[in-house]
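Laid out below as structure tokens are two forms of one and the same protein chain, each shown alone and named structure 1 and structure 2.
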Structure 1
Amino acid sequence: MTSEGAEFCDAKHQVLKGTSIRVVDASVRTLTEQTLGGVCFRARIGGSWGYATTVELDRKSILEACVRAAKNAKLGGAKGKKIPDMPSSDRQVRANVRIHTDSVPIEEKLAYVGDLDKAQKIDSRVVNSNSDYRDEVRTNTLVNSFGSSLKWEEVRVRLIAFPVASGDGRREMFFEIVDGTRGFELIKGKDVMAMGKSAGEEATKMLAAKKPPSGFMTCISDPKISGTLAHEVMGHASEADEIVKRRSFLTGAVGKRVASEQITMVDNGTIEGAFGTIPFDDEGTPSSRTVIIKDGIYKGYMQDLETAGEMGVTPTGNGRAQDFGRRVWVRMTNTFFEAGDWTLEEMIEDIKFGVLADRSISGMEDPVGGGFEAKTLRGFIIENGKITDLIRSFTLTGSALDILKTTDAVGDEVQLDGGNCGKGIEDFVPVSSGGPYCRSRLLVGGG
């Protein structure tokens, strides 16, 4: 592609293999094994990228795709800064797994999912049991004009229990999830019967939950809800392509105070076992720990090759694509608030009246305005330093920066939860988000 005028080019061959199993009320609803593979060629000319993909791996098809990529880049005609030079690398990285998912028969996988589903039916009030299992193996080979030659493997596993309980004219649900960049040992090491039973018990407890309060009050967010704030608002707004386009409320924030000194936030793609962990991004840049906020001061953005060139900084390993057929965007890996030094008990005992929010159901992405909204699964009333009533789902809203500036206590243990994040409503990649328990002032909306 350099002979066609490309200033930078790369080629990535990728094979994706996955299993998906869903059992609902002891009935198998989904049982699939899929394989997808091909090659993507990219060329950069001026400020334009050209992409071309092929699933045919013969010499003629590959050469034609190379020419198409360069031609497509020329057609763009945009002006942009040069991609930063990166050192060449020749590495192969195997996934750190003990039981590779490819080695486990689908019948064995199905048996675990069936047990999980059966265990949720603790009594007649559990009217619907749902159990999902997914695994994915990504095998990647990348070469580029820096002279790098890389090969790496990513293995992910996820298991979800999701029971629904009914009683007194109400329906409530609960969920338990286990996930990570692990092999099938993650499932074998989990007591799935206990996991399903616990989820069923919690769903039935929700039938007795009271109506939540409303108003502006002290709230302790659990790690899942802390992660929603870190990911949905602060994380997306810290993706440098949003900064380059000046579509983020954090444009120009570097060096400014954006949170209390209790808050440190990072994106770290190197955490062993986390769902968003990657050895390299989809441009071949090694994954890294990127400090976004340090002791309340905003430090910097997540970068791919293009945005690093535009901003004159070093790429952070956040150039990611859904698969070989999609374009690369700046994307998160594992994004979270780091631990402080408070125990949950210490946070609770200082509160005269407030809520403990437990488990995020959904969150709003607002990288332009910085607004935050999360819907919780449930919560607990805190009165005079003690947890009292279980309460139903409610919403938490506010300005992300206002919330973070009122955060006066951060817990001493980080928890991460995996999932798939889209750039808007498309281009999904595996990530995780989370943090510790955090105490802040928010607007609580009763259900």
Structure 2
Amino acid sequence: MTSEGAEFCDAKHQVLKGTSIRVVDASVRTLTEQTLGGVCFRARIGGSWGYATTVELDRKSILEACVRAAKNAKLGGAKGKKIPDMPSSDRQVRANVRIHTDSVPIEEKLAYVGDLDKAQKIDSRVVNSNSDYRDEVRTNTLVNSFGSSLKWEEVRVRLIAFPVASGDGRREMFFEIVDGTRGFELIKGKDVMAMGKSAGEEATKMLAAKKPPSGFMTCISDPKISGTLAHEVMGHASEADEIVKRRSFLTGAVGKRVASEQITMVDNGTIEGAFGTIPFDDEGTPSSRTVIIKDGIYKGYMQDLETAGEMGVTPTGNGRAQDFGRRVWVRMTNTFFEAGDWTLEEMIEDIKFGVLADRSISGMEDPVGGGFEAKTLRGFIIENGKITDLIRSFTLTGSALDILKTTDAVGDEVQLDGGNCGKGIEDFVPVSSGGPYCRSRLLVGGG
């Protein structure tokens, strides 16, 4: 690629191999093994990238792909600063797991998922039980024009219980999830019968849940919803590609107050076992801890190689792609608010009327407008300092900066919640987000 004019280039071979098990109503609905493998060549000329990917690994196909990558880079014609010189590196990293998923017989995996499914059917009101297990091993090999040669492995495991309950003409659902960059020890260490039973019980409780209130009110977000705020609004808007093209409401925010002084937020790709943890990003930069907000003051952005070059800073190991066939973007890893010193009980006791939001279903970024939206699975009414009624799914929204500036209580324990994050509606990468319980004022409503 360099002989074709590439100023920077890399090649990445990747194999993603996984087992998926879905048990529904006590029978195995899906038992499948999936493998996705191939190679991606990237060339950069000026400020444009050319990519060529192929699943054919013979010498001729590979050389043709290299030429195509360089040709595509020339076609773009965008201007850009040089990719910063990085020291070459020659490393091999095995996943830090105790029981590698490859070593566990399928029968054993099936038994755990089957138990999880059976346990959900606590009574006849649980009309449908669903249990999903997925493990994935990513094996990555990357070489680049810095002279680096890297090989690393990522192992992820995820188990979900998802019962549906029905009664009095209503249907409601609940879910419990366990996940991480761990081996099968994560599942073995979990009491799956208790997990399934709890999910079933909570689904049946949801049948009595009331319609959520609507309007602007005090809200305590649970760690998962605090994480949605950290991830969807402050996180996506802190991805430096959005800054370079001035699409983020946080462009030029470094050094400014953006939150109450109780708020500190980081992206940290090095947390052992978290779902978004990676040894290297998809450009071969080691992952790192990036402080985004410190005591309410905005500190900085997450970077890939290109944005680091554009902004004259060091890459932070946030250049990530869904797989070898997709574009590298600046992406998060594990993004969360750090702990404060409030207990949940202290937060609740001085609320006259408000809601406690429990479990995030989804959220959506808004780097342009700085809006926040999170859909919750359920919640609780808080009246006169006490939790009263269970309420159905609702949505929280507001301006992220207004929410963070009105955050007057930050809980004392952080939890992380794994998931797959898209940039817009595509390009999903494994991440986690989280934080402690946080109290702020938001717009609430649900159907």
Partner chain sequence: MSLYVDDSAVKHIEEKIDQGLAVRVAEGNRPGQSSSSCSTMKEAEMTTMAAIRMAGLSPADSGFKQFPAGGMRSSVDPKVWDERIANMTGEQLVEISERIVESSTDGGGVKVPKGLIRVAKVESVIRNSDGVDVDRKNTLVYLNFTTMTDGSKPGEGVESFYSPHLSGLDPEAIGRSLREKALASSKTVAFKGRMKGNVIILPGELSEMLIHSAGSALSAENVHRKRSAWLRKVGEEVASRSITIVDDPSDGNGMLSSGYDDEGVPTSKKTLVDKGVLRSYLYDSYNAGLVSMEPSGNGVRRRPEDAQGIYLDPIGIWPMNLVLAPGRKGRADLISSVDEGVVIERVSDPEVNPITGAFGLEVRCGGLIRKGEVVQQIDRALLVGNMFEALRNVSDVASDSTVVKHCIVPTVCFDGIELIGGG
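Between two forms, the rigid core is defined as the largest C-alpha subset superposing within 1.5 Å. Since this is a predicted model, take the numbers as computed values, not measurements. Numbering runs along the sequence of structure 1, starting at 1.
Here, the chain labelled structure 2 is taken from the form predicted together with the partner chain. The Cα position of Leu142 differs by 2 Å or more between structures 1 and 2 after fitting on the rigid core.
Relative to the superposed core, Thr314 shifts its CA atom by less than 2 Å between structures 1 and 2. Put the two forms on the same core and the Cα of Asp402 is off by less than 2 Å between structures 1 and 2.
For Arg59, the Cα shift between structures 1 and 2 is 4.7 Å when the rigid core is held fixed in the overlay.
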